[in-house]
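Next up: a single chain in structure tokens, the form predicted alone.
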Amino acid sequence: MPADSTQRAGISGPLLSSDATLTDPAQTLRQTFADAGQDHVFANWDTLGERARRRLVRQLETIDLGHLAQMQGAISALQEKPQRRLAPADTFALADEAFPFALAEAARAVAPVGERALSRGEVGVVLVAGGQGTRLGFDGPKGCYPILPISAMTLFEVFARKLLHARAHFGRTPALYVMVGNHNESATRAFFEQHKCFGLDEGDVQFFAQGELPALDAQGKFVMAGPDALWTAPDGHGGVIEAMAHKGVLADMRRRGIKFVSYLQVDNLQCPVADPAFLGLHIAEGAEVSLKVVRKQDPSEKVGIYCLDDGVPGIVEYTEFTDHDANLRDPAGRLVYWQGSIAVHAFGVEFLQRLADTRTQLPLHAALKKVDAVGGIGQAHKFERFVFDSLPLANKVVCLEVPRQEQFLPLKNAQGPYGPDGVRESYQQYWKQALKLARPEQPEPPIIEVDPALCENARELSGAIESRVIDTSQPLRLAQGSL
């Protein structure tokens, strides 16, 4: 958001006067960008029609030139890796690592605290869904991707049905806030409307768009996407906090009496939406931010690591670990830095509101990427904010280990273990194990699918199917209302 109030003001008159010069408001804006060394954004002004000029000015009014220093700092940090003073961080580790797994006893003991918060409507769910299905070869928002092996249920419907599962257990449906990007907001809204919000109350589903940031070329200049537009990209999942404040989400949460946020990514098929043990631990421990991690088996796995950085809890990218630290093992032969973040968090609404009230912005991170700019595709520095950078700002952070098979199955690529085929295979392996646990006497079905509204994990499946007759000789779909 521009720091100068003149830049924020709309330009109501024509942008081109009778002698083909800039009007005062546009001239002021041009001078502001020129003072920042970015006067090239007006290079095509004389050839633009009035609509194109208005389009350019409207976009430039949203650019906070104060971010330029942060952007340059992020580029420097990318080029000059910071020195880290790392140490392991406390985590509530799994009590049982064997299937069907058991969370830490401390987390299971306070699950009733989470259940009460859910039953009182004190929990809201933020689903981050700004991504497109481009890497999957899918034309549309990633949440619209059909993923389940029998019904072809989409990711969005999976999470909606997980919310229906929460309603069945806790008597209240957590309000759902879907963070989209400007590029996929209309398609996402239309998809939910087409499917009547998948059985959720329309009043309990809201959409809000994350912000966007421009890119810088090798000379530190804003990249142009065309003669009348800067090239911009979504500001990363860390933009969720600022977007929640600016788009009225935090205000709506306070109006509803929501005190805690369950934050998750739309591509993680196995992620629970309302985990009472995790929420209970967050509340009972008085945490402002909590996170879930899985145990890294391979030092080279490309996930951020929860640890202490100069004594402060946070997530450190795997690229910032030395080979020595990444491979460091304890006397039992296990990795010392094993807490792989899966981008699942719990937040206190008061904490998020404090960040908003103090206008605290999470740091920018730079990455050199291909961009489709004026003159063709080239390389430039893109910028993002990461939500895990909120951890060092919290007065208390709690970390809970969860089973990888049960809660971490992201759909990322067109091929491989995190491609559609790999995800469906892992999904079926888990639920076939769960069915074997519940019905050891029955043979394995060729294909299995479990309705997310029926149950969320292997421990729930036995009770969900009870003594019902199940035919495992055919593809098996266990669904709510069909058993």
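The structure displayed is predicted, hence computed values, not measured ones. Residue numbers here begin at 1 and follow the sequence given.
Unshown form predicted in complex with a small molecule; subsequent notes refer to it.
Can you work out which of Gly124, Gly114, Pro214, Gly130 has a heavy atom no more than 4.5 Å from the small molecule in the predicted complex? Checked against the cut-off, the match is Gly130.
Could you check which residue among Val249, Ala107, Val266, Ile305 gets a heavy atom within 4.5 Å of the small molecule in the predicted complex? Exactly one listed residue reaches within 4.5 Å, namely Val266.
Contact with the small molecule in the predicted complex for Glu288, defined as at least one heavy atom pair within 4.5 Å: yes or no? No, Glu288 is distant from the partner.
Hey, in the predicted complex, does His237 get a heavy atom within 4.5 angstroms of the small molecule? Residue-level check for His237: yes, a contact with the small molecule.
Please tell me whether any heavy atom belonging to His365 falls inside 4.5 Å of a heavy atom of the small molecule, as the geometry stands in the predicted complex. Flag for His365 set to no.
With the cut-off set at 4.5 Å between non-hydrogen atoms, does Lys412 touch the small molecule in the predicted complex? Yes.
If we take heavy atoms and a 4.5 Å cut-off, which stretch out of 280-288, 266-274, 389-397, 218-226 is in contact with the small molecule in the predicted complex? Partner-contacting stretch among the options: 266-274.
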